[in-house]
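Coming up is one lone chain in C-alpha cells, specifically the form predicted on its own.
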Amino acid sequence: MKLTEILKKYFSKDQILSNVDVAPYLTSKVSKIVNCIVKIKTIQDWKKLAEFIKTEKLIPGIIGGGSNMVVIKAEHPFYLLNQYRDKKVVSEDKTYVYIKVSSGYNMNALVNETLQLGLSGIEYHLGLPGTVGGAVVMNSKWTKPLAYVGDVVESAEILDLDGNFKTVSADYFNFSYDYSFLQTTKEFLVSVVLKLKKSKKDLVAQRAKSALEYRKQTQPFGVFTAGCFFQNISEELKEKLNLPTTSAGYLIDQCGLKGFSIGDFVVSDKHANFIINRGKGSYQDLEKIIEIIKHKVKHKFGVDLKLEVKLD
C-alpha cells in the first residue's frame, strides 16, 4: 500500500501533500522533493500521529518554522509541518507566570505577546525565526547578554518514538550550547511550559528592542537563509589559538570567504556565518559551499567547524 493511502487512515486528505517541494516551507528556500508532508494543526493530530507511529512503525521528520534546517537527503518517509498553535497561562505566583505553549507556535509572535504582558525571559529572542519547538530543541541563544531559550523551560510534553506521550522536566533536556537531549533521542516536542518573570513592560521592551537592533545591524535580514550555519568555537579553543573571538563567522571572514559563491549560494558580506540563497540555490551547491568553507577554515586555523544548521 502506498504511503499516502496509509496516511489517509489517520489524517484527512487536506492535511496530506504528496510529492511536494519543501522549499516554500524553509527560510532558506532550498528545493527538495519529498514523498509527503502532513500538516499537524491540533493536539488531536498529535494523538493521531502517536497511533500512526505505534501501528505503522514509521518515524517522520519535522518542519516547524523552517529555519535552522535544510532538507538534503530526505531520508524520512515523510515530514510533519508543525502548525499546532496554542497558548495558555497554567499558573502564576507573585514572581512568575507559567505559560504552556504548543511547539508549532511562532517564536517571534510569542516574544511580542510576552512583552505586552511585561514578562521577562525570552525578550532577547525578538526577531528569532521559526517555532517554539525549534527554539527549544535547538536551545536557541542570544549572546549579548548570554540567554538561552532553555533557561526558562519548566517542563514539556514529549511524543517518543514508540508513540507514547510523556511529561518531562527541564532536566530531561540536558540543555547546553546549541543542544537539547531531543536532538539525540529524535523525540517530538508537543508543548512546553515556560517560566517567565514578572517585570516592567518598558524594561523588557527596551531589552528586546536593543537585541533586535543589534541583530539587524550585524546579520543579513530580508534574505533566504537558514540562519547561522556553523557553531562558534569554545572559549578553550579560542585561547589556545590566541583568537580575539569564538565567532565562526570571524574564522570564515579571515579566510577571505565573504562574498564567495557557488551557484545561487553566497557567503554574506554582512556576517560570514550566513549562507544566502539568492533564489534558485540547489542542495548540491549548498553541500559544495559548506565543504569549501570547512576546508578553508581547517587549513588556516586547524579548526573543524561543526554545523549548527540541521541537514536532514
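Sequential numbering from 1, following the sequence displayed. Treat the numbers as computed from the prediction; the structure is a model and nothing was measured.
Here the subject shifts to the form predicted together with a small molecule, a form of this protein not shown in this document.
Checked against the small molecule in the predicted complex, the residues 195, 215, 238, 100 give one hit for a heavy atom within 4.5 Å, which is 215.
Between the small molecule and the residues 108, 219, 83, 231, the one pair within 4.5 Å by heavy atoms in the predicted complex involves 219. Proximity to the small molecule in the predicted complex holds for none of 30, 261 and 293, with the criterion being a heavy atom within 4.5 Å. Proximity of residue 122 to the small molecule in the predicted complex: non-hydrogen atoms within 4.5 Å are absent; the residue sits far from the partner.
Contact annotation for residue 249: none of its heavy atoms lies within 4.5 Å of the small molecule in the predicted complex. Using a 4.5 Å cutoff between non-hydrogen atoms, residue 63 counts as a contact of the small molecule in the predicted complex. In the predicted complex, at least one heavy atom of residue 225 sits within 4.5 Å of a heavy atom of the small molecule. Residues within 4.5 angstroms of the small molecule in the predicted complex, judged by any non-hydrogen atom, belong to 65-73 and to none of the other stretches in 250-258, 65-73, 51-59, 35-43.
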